[in-house]
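The data below hold one chain only, encoded as structure tokens and taken in the form predicted on its own.
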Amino acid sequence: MAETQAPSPYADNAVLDVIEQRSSTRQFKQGVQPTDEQRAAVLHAATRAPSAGAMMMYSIIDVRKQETLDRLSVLCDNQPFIAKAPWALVFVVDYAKWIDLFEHVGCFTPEFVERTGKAPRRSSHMGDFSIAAQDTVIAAQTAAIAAEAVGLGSCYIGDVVEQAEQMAELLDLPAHTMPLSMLVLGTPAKERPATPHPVENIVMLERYRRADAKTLDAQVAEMDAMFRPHAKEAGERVVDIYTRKHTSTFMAEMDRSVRAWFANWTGEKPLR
């Protein structure tokens, strides 16, 4: 089982403390913009994240205009607090830039194919997506930790994949791209307590293990105590997730849009 806190030898480690104390911020000080130095530090940290082969198969769209934030708040499942954040970063899984690079240096020419014996131009595969998606979320999480370190709060917005057609138009996203995640950032309006996180049934030694009844009961009890301290019945948190998320209309829209984004990724059916 995972530790509930950093082991004592690292209790005063500054990096681990930032990770421990971070919690999602949805209330920002109005009229207070991140400084240029804060923005630069966050973006620099994102580009320092691990990347497969240093290919950096992602792009970060830096959103500061109020009209764009307003539109994002509507497209991302109508969440008004997004429009009240002074800054947003959209993390895009991006193979379009590599297709452009391949073409720019002549990889698609008949001469290159004949000389190297390599296959001619192909589309973006799902294997490409797997690697690129890892690059993208690692960069996003690195940015989230960096934001906390420089005094900014942040909140992940997974709904950025919804409303695919309108999102592609808003951000001018071409074929072979997909917005995977978004961070909204700003100065927290108030001090935020560290958010508790579950540890039951997460870390598995050596191989995957389906939980037995005892483990599932422990997981349910942990969730009820942590997220629903006044739960009247066991399993109330699990039921809440089932009814509020698993069977929700926004998840149905997310599923539809993700399918559209994958068709955009492969180039089978570009959104723009």
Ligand SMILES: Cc1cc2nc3c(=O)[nH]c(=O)nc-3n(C[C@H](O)[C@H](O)[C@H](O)COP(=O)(O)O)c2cc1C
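Residue positions are given as counts along the sequence shown, with the first one as 1. All values reported here derive from a predicted model rather than from experimental measurement.
What follows is about the form predicted together with this ligand, which we do not show.
*Asks:* If the criterion is a non-hydrogen atom within 4.5 angstroms, does every one of S123, E169 and K269 touch this ligand in the predicted complex?
*Replies:* The answer is no; none of S123, E169 and K269 reaches this ligand.
*Asks:* Among Q134, T187, Q79, N201, which has at least one heavy atom within 4.5 Å of this ligand in the predicted complex?
*Replies:* Spelling it out, the residue with a heavy atom inside the cut-off is Q79.
*Asks:* Please tell me which of T116, T109, S130, T195 lies within 4.5 Å of this ligand in the predicted complex, judged by heavy atoms.
*Replies:* Filtering the options by heavy-atom distance leaves T195.
*Asks:* Can you pick the stretch from 149 to 157, 83 to 91, 100 to 108, 171 to 179 whose heavy atoms fall within 4.5 Å of this ligand in the predicted complex?
*Replies:* Partner-contacting stretch among the options: 149 to 157.
*Asks:* Would S23 sit within 4.5 Å of this ligand in the predicted complex, counting heavy atoms only?
*Replies:* Close contact exists here: in the predicted complex, S23 approaches this ligand to within 4.5 Å, heavy atoms only.
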